[in-house]
Structures are given as structure tokens and as C-alpha cells.
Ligand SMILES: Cc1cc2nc3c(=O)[nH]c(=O)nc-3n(C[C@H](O)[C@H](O)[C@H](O)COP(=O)(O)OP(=O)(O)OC[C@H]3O[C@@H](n4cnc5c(N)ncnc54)[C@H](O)[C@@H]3O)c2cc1C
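Just one chain follows, in the form predicted on its own, and it is written as C-alpha cells.
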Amino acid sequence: MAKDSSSNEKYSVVIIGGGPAGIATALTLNALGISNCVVDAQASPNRKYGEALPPNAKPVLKQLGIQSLVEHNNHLSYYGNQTSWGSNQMNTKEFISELHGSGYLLDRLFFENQLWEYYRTQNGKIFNGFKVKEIEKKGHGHGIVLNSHNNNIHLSSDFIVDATGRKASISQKLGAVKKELDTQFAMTFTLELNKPITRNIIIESVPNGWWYASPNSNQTLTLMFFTLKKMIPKKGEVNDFVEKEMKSSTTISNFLNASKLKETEVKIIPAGTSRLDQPYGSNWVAVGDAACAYDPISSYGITSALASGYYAGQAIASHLSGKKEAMISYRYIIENAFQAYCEKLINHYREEKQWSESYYWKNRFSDKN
């Protein structure tokens, strides 16, 4: 039987999820003098996918006071991608004309740890290793029960932030509906290479989808193959499928001799576009992937997470001070950005005409895929 903590801790805002979106929200609230805490099911940060932080992230990094974090030696300056998209030639797409200069290629696990530690230096409280067991309406706010190792902690808050990622588990529990715009998935794994390689991101389209390769160090490589759910084989055939898709590529196939894949090493995760029917409700708001999840080809992920956390923090502060229209403004910002993203995304996929008759490219945005 679970033991209840005797204390009932009160915060103006409880943030569920300690990724970039959750921490950005917390830092913004801290700066505005609003009490908050972060709840994360992991005992310590886990490595998330996505290492590229483009140049246009710099303004929000400065606003949040965390630009110094990405300037650490563990992260590298990032000047562009090597891409094979729309032709069979590998080209370098540089940020040379970008207003903000270079971006950053992150050591992602190190960055996640940096965010937690920085928030803590700002007197932030993280309930790490705790899962949300129960949420109930409590006056104009919420009562929240956390559980860890058969121990319950009770929190009360005026406002809840859902930063649980693509699951959007808190928002859905509170009545929101998640809408999937497509069924793209990623098959991801890490290879230990036989020789050092340059830390550049490689993107290569192939008949059944596209590849993303990101070196984590000079001899460790994260590979992700993006395809539609219908094309993913049953469990026992995953390795053969992945190796076949590597062989269908020009550049990615060069990594085939790095090591033999193991079935358990390949993870299959959602990687399409999704959003909530509403990004906020009665004393709650969704941020990051919980509100809108982006196709990784867009490089919107981390930047959007940080920006949505910043705007949500501002909106919550205004809402708590009596400006009820603040959440409408937040929704406007989020939905405008999402609409612009959708238009760019469709145009980007239309640039690839080499395999117009293949199932993936014909059905990329079909309602039936």
C-alpha cells in the first residue's frame, strides 16, 4: 500500500515533464516571480532524439538566459546539413545567409542535464523519478498526486503545464483530443564506427522514406530511418528491413560495415506531425510536442519546444494576474506557427520527385497512410 507524504506542497504552477519545453516554461515563470515545480518520471534526464539546434534558436536561448549552456565545449558550432533530397547528389546546405550565423550540434544528453542543473541553480524544484498518479479539480486549481517507489506526494496548483511530449498524456486526461496528421515513424539505432567521421548531419532520401544520421562523437553515430507505419515489418524482420534500406542509399550505405545490428537495438518511435485540438483548457496548457509535434525534417523540434515554453510562461503569468485573454494569444501564436510549418513541410516533400510512384512518397500526407 502506498504511503502518503504528510506535506501538501502548494505551487502556482506544476509542470509535468522536464524536457526543453518544460524547463523553458519553468525558467520563464521563475523570471516572473511565479512559484513552480517540475515533475519528471525519470530519476535523471534521459537522452532524447534530435541534436541540431539551428541559428534561429539563438534569440529564445538569450531570452531564457541559457545561451551559455550551448556554448559549452561538449557542443559544436553547426553550419549546415549534408543533404541528398530531390537528386542523387549529396549537397551541403549552409547557414551562410542566416541572420543569426551558425547553430549548434548538441551533445543531447549533456544538454538535458545542463537544463536540469541550471533550473536548480535558479532555486527550481524538480520531483524527479515521480509519476503522476492522479489529477483532480480543486477549487479553481488542481490537486495532483505523485507516486514514486510506493510513496505518494500531494501537490496543489493554480495551473498545470503538460510538457509530456508526443504522448500529451496530461492534456488528454484533462479532455483535449490529440490529432495525428500522418503516420510517419522512425526506426532508430546507434552504431559504433570503425573509424572517426566528421560531426555533420546527413539527410538522404530513398524510395521508401529518408535517412537522418547524426554523429554523437567522432566514432558513434545515431541513425534514424523515417517511413510510414504501414511499411514497418513485424518484429522479427526489423533488422533485415533496416539493412535493406541502408543498402538502397548512397551515403548511408557507407556505414553498413560499422557493426552488425542487433534486433533489440532498433527502436521504433512516432515521428509524424500531430497536434491537440486545443493547446489549453481550464487552468492548464500544453507546451512543446504535447501541443504540436513536428516532422524532424523541419528541425523545429528543440527550438519550438523552448519557444513554446517561453510564450506559455508569459501567458500563464498574465492569466494568473487576471488577463484571461492571455491564453487565447498563446493559442494564436502556436497555431500560426503550426500553419506556417505545414505549408513549408508540404513544399519540402514535394521537392523530392525521384520516386513519385513509391508508396511512401505517394502517400506521405494521405489520410489513409
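Because the structure is a prediction, the values reported are computed rather than measured. Residues carry their position along the shown sequence, with the first being 1.
Another form, the form predicted together with the ligand, is not on view; read the next lines as being about it.
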* To do: Would you point out which of 28 to 36, 339 to 347, 64 to 72, 300 to 308 contains residues with a non-hydrogen atom within 4.5 Å of the ligand in the model of the complex?
  => 300 to 308
* Asked: When you measure heavy atoms, are Ile202, Gly209 and Met231 every one within 4.5 angstroms of the ligand in the model of the complex?
  -> no
* Using the partner position in the model of the complex, report whether Ala21 sits within 4.5 Å of the ligand, counting heavy atoms only. => yes
* in the model of the complex, does Val161 have a heavy atom within 4.5 Å of the ligand? -> no
* To do: Report yes if any heavy atom of Pro296 sits within 4.5 Å of a heavy atom of the ligand in the model of the complex; otherwise report no.
  => yes
* Interface membership of Ser329, the ligand in the model of the complex, 4.5 Å heavy atom rule -> no
* The unique member of Gly143, Gly281, Gly165, Gly80 whose heavy atoms fall within 4.5 Å of the ligand in the model of the complex -> Gly165
* Structure fact -> Of Thr220, Ser169, Ser253, Thr183, the only residue with a heavy atom within 4.5 Å of the ligand in the model of the complex is Ser169
* Asked: Mind listing which residues of 51 to 68 have a heavy atom within 4.5 Å of the ligand in the model of the complex?
  -> Glu51, Ala52
